[in-house]
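One chain is shown next in C-alpha cells, namely the form predicted alone.
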C-alpha cells in the first residue's frame, strides 16, 4: 500500500515531466488553468497545431498553451501591428501572434530550420493568417545587423518575441532595443530556464540545461539594470520576461 510520502514523490515526478512548461506547485494546478481558461477558449487552429507539434520528437521546444494565450492577449492589449519573432519552430507562438494582429499586421519570422516551420504552415494557412508572415530561414543576427544599419527600421516594431538560441540572447537584445519602438515590447522566453536559475552549482542538471543556464542568468542580470527598459518576469511557461522600452 502506497504511503503519503510515496504519493508525494510520484506527484513530484509527474510534475517534473511538465516542469519545463510550468513552474507551478503541482500538475493539478497547472491542469486547472489549462482546462478552466486556456483550452475552452483556444482557437481551433491553435489546438490543431499544438497536437501536430506534440508528435514531433523535439516537442519540448514548443511554446506552452497558456503562454500562447498570454501572448495573444498581450498583442491585442498593446494594439501591435508590426512584429518580429526570432525562433519559430513549428509556429505555435507565431500563430498566436498572427491571430492577434489586424488583417494588415506583419510578422518578420526567423528560424534556422524551415522544415519545422513547414510542419505547421498548413495549419497557419488554414487559419487564414499566412499572409501576415514573412518567414526567413537562417541565423537572425546577420539580418538584424542589416536592419540596424538602416535608420528607417529604428523604432519600427511594436512587439518582438525571442525564443531561440539562449547563448545569443544578449546579442539579440543589443540589436532589438534599437528596432523596437519606445513604448513597444520585447518578450524573452525561457528566462527561468527549467527552474535552473536558482539551482546550486552542484545540482544534477541535464547537459543542455546546465550549458545554457549561464547565458540565461547573464541575460536576466543585464535586463534588470538596463535603463532603457522596464521589465516584468512572469512564471508563465518556462518563464517569460516582458521588456517595455521607455527610452
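Computed from a predicted structure; not experimentally measured. Numbering follows the first chain given and starts at 1.
Missing here is the form predicted in complex with S-adenosylmethionine (SAM); even so, the following discussion is about that form.
S.K.: Looking in the model of the complex, any heavy atom of residue 75 within 4.5 Å of S-adenosylmethionine (SAM)?
M.R.: Residue-level check for residue 75: no, no contact with S-adenosylmethionine (SAM).
S.K.: May I ask you to state whether residue 159 is within 4.5 Å of S-adenosylmethionine (SAM) in the model of the complex, using heavy atom distances?
M.R.: So residue 159 does not count as contacting S-adenosylmethionine (SAM).
S.K.: Does S-adenosylmethionine (SAM) get within 4.5 angstroms of any non-hydrogen atom of residue 165 in the model of the complex?
M.R.: Residue-level check for residue 165: yes, a contact with S-adenosylmethionine (SAM).
S.K.: Verify the contact flag for residue 194: yes if a non-hydrogen atom of it lies within 4.5 Å of a non-hydrogen atom of S-adenosylmethionine (SAM) in the model of the complex, no if not.
M.R.: Answer no; every heavy atom of residue 194 is more than 4.5 Å from S-adenosylmethionine (SAM) in the model of the complex.
S.K.: For the chain seen here without its partner, which of 150 to 158, 89 to 97, 126 to 134, 76 to 84 has a heavy atom within 4.5 Å of S-adenosylmethionine (SAM) in the model of the complex?
M.R.: Going by heavy atoms within 4.5 Å, the stretch is 89 to 97.
S.K.: When you measure heavy atoms, are 170, 218 and 243 every one within 4.5 angstroms of S-adenosylmethionine (SAM) in the model of the complex?
M.R.: Checking in the model of the complex: none of 170, 218 and 243 is within 4.5 Å of S-adenosylmethionine (SAM).
S.K.: Counting only heavy atoms, which residues in 35 to 65 are within 4.5 Å of S-adenosylmethionine (SAM) in the model of the complex?
M.R.: The stretch 35 to 65, when checked against S-adenosylmethionine (SAM) in the model of the complex, contributes 61, 62, 63 at the 4.5 Å heavy-atom cut-off.
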